[in-house]
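Read the single chain below, which is given as structure tokens and is the form predicted alone.
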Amino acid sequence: MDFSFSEDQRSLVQGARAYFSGRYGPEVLRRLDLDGLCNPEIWKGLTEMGLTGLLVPSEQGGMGMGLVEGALIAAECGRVALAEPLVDTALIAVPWLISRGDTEALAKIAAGEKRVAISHVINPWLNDGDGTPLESIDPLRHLTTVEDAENDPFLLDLGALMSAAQLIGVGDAMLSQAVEYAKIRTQFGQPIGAFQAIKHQLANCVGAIEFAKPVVWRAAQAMQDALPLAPVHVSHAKFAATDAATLTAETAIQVHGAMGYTYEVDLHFWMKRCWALAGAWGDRAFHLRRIDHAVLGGEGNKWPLAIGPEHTFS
């Protein structure tokens, strides 16, 4: 059984990463923060890359890819702390509209002419929508109040999956920043990265992130295949990705000597995105309860999860 990504999937990730790395650095985040999160050229670039139509069927002008590819791109969005609502529109709203048979807006979404903001009752806010502005811990998100929220379980799982994928990318980015800082910050005449305590802390972050990644990819595949246990896999993904990214945020702040909290250090953008995503589409406690129910729910369990090595690939 082959669990690796296909060549097309790897090329998709490499292309997106190369595009973002050349056009979307911390200096762009700072300009967006100061200028009110408005730069139409960025959205135009995302459209030209085909990312707004990634999951839109080819009949409506999109690329017709699946949720696994969507999760891979969501991770890249997290890696650069993308301010534009690409994930909300292209990776959450699109598959949800398709699931409802609502294809009217898909062509305009693929062409970058329409953004769709959808809220679930579990979120007391709407990202990039119309309404009374709300203050967010993440300065790169435009949140507003919401009156009529959806209560579709499939929408909840889509949002949680894509949030988990973004957290993977956010975690990778914070780890990279912490490692680079540990190489240049000296103490007692040598880089702090040479100290065993720092090495162990960063190694723990690597382990947490790498163990969370396959959980997220499995959840994406489970949703793509419409497996009965897909909601449980999604909760596991959100839980694991949240813990991995949160651990990395805390460690990166410590490595920076607490300067990571300050506006002057780029890390704070990713740290705040981590905190925002951790509470979006169901927080850690919510998803842990769903996992507990699957394992310990007893008779009448909606998602009976058989545990043990003999059930791993059942």
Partner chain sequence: MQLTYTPEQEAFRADVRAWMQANVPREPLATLECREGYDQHVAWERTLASDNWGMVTWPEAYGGRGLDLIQWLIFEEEYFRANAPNRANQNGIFLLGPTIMEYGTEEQKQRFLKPMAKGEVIWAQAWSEPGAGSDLAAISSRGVRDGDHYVLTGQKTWSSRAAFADWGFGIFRTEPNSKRHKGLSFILFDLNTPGITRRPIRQLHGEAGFAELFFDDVRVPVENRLAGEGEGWNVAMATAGFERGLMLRSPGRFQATAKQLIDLYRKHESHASPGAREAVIQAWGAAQAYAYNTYAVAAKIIAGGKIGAEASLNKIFWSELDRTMHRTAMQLLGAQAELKRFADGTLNHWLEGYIFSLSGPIYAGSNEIQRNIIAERLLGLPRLGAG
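Numbering follows the first chain given and starts at 1. Every value quoted in this text rests on a predicted model; they were computed, and no experiment measured them.
One more form of this protein exists, namely the form predicted in complex with the partner chain; it is left out here, but the text below deals with it.
In the predicted bound form, the partner chain sits beyond 4.5 Å of every heavy atom of residue 114. The shortest heavy atom separation between residue 310 and the partner chain in the predicted bound form is within 4.5 Å. Interface membership of residue 253, defined by any non-hydrogen atom within 4.5 Å of the partner chain in the predicted bound form, is ruled out.
The partner chain in the predicted bound form is not approached by residue 120, whose heavy atoms all lie more than 4.5 angstroms from it.
Note on contacts: among 156, 215, 126, 230, the single residue with a heavy atom within 4.5 Å of the partner chain in the predicted bound form is 215. Comment: 202-210 is the region of 202-210, 74-82, 103-111, 145-153 lying near the partner chain in the predicted bound form, near meaning a non-hydrogen atom within 4.5 Å. Contact here is defined as any heavy atom lying within 4.5 Å of the partner chain in the predicted bound form, and by that definition each of 193, 236 and 284 is a contact residue. Taking the partner chain as it sits in the predicted bound form, the stretch 55-76 comes within 4.5 angstroms of it through a non-hydrogen atom at just one residue, 68.
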